[in-house]
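Here you get one chain, nothing else, as structure tokens; it is the form predicted alone.
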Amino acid sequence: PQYSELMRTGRAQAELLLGPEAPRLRGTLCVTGHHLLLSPGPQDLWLLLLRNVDSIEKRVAGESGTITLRCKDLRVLQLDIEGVEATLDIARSIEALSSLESVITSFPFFYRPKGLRLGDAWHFHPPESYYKRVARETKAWRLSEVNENFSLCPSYPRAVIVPRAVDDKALALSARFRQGGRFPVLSYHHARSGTVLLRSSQPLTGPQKRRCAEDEELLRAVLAGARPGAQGFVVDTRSAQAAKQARMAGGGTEAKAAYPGWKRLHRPLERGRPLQESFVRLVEACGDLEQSTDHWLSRLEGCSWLAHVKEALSTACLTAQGMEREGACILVHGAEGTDSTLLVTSLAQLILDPLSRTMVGFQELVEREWIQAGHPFQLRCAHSAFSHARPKHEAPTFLLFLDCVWQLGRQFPLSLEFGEALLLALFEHAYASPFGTFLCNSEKERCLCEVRSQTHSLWSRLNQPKEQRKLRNPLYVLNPLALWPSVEPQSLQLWQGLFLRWTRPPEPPEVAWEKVWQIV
């Protein structure tokens, strides 16, 4: 009812084309507050979540009209509608309803699927569960609730893992010295080498080269709590030039003299608008079915997407190598610490940690290193590759992570317990979902919107037995070793299952998957 003023029409007769090879569906088309419905027959219903619409085009000719919907999951849908007025009304309704900003009136707050109870599965992956594992492996770290009311850092969860030797007062002062309050916290403890992976945002050294004794004490305590003689590396995901410019604007890097035992490495990773534009250009190239081979290959190279995959995997390998082979502690940050930082820390864990390659462990990794770590999903995934709006905050950093995970799974087909279907589901739900898991930009916002008590968790759906069979890798064998992927250009491939999913009619991957299950 709260959307009735945005809906221009009740229903119309329409024909829907779902893709190049798909049969046409004909029936009654209807727009509701959250969905586009087409009913070809009394028992059939085709549904599209309006939040999934990325862009809309309308054309009218004679007595009918055509609406083309380009979706955030990269589908392109064509609707042929009887009546010019009905076409224009439906187009206006979809435009208005698909671009609503409000979180608490979005579909997850109304979605009540059968067989799931509200509040279930939100307790699957609390930050405390990872701490229990760390506490079994080392006594050098503690769980701090210094951020309990989100006053120290609005983008961190309530509980964070910090060196035992550093008290909450020192953490509060370190937070004031870091952009957005993101002081260094534990991301992963590598038991084999007794080293740790940390993440933060940039220090606010500024042109005056400010210092903070408590921040320095925190990083000293990290090395003291690791194996004897351990050294540290700061992996900065910006170029040296960008870090220097950031210092002139009040940000900066850790000065050598102030942080003895820590060395700095610059590994620039693309973020923000250039990454979004790379994604847009790749999707445009994939959608052009009339081009020559040369043109396709030059467009694939020109969009640089695989170059971004290579850089992300290379930086994660460097980070993992520092821990596994050099026995060093690693701190990763760029400027804000909510994008390329999380890309590196999550991929490094997949490389090193066999548990994060299990079905449950990978879900926990996504929850801990992306959702609870404050990746601003609502801003980054507001639009996908088809939107005509100029990108403001959009960037497919999470999709880049999923692509890197897919490359790992392709190079090590037995080592991940999950398959492509899980990665595709996470991509779709990050951009438009009936579940609350990817809503908002931080834990603080999710608390204010009561997401946990008022919406269902995606994990509860994905962990149902009938879903698991579609998502699991039937060939999985636990691999206790680190996975060192090849990042040579000829080893990296276009993720066809995502980027060409709707433009070519392959044998559906689910069918092939089912056959493998039967053989196994």
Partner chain sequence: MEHIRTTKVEQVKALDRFSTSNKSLTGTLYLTATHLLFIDSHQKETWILHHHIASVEKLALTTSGCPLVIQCKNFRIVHFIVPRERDCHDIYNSLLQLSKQAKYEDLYAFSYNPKQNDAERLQGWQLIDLAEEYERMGVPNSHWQLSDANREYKICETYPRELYVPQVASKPIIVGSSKFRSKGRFPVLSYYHQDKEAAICRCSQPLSGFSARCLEDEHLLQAISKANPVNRYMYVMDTRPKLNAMANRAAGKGYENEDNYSNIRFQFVGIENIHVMRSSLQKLLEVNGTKGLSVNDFYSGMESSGWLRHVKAVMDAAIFLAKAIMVENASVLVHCSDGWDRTSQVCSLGSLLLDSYYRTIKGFMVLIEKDWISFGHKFSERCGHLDGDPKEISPVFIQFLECVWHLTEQFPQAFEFNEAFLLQIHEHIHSCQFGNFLGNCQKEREELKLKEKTYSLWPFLLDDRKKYLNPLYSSKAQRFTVLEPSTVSFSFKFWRNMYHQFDRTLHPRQSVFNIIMNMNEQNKQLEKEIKDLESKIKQRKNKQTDGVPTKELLHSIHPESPSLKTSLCFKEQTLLPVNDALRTIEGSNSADNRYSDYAEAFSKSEPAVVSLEYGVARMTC
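Residue numbers count along the first chain shown, from 1. On a predicted model such as this, the values are computed, not experimentally measured, just so you know.
The same protein also has a form predicted in complex with its partner chain, omitted here; what follows describes it.
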Even though its partner chain is not shown here, does it sit in the predicted complex so that K256, F412 and W484 each have a heavy atom within 4.5 Å?
yes
Answer key, its partner chain contact in the predicted complex at 4.5 Å (heavy atoms) among Q321, T138, T105, S151: the residue is Q321
Its partner chain isn't shown here, but in the predicted complex which of L265, A172, A242, A165 has a heavy atom within 4.5 Å of it?
L265
Is C317 part of the interface with its partner chain in the predicted complex - any heavy atom within 4.5 Å?
yes
With the cut-off set at 4.5 Å between non-hydrogen atoms, does I371 touch its partner chain in the predicted complex?
no
Any non-hydrogen atom of K310 within 4.5 angstroms of its partner chain in the predicted complex:
yes
Though only this chain appears here, would T293 touch its partner chain in the predicted complex if you measure heavy atom gaps against 4.5 Å?
yes
Counting only heavy atoms and a 4.5 Å cutoff, which of 299-307, 89-97, 439-447, 222-230 contacts its partner chain in the predicted complex?
299-307
Even though the chain is shown alone, can you say which residues of 419-441 have a heavy atom within 4.5 Å of its partner chain in the predicted complex?
none
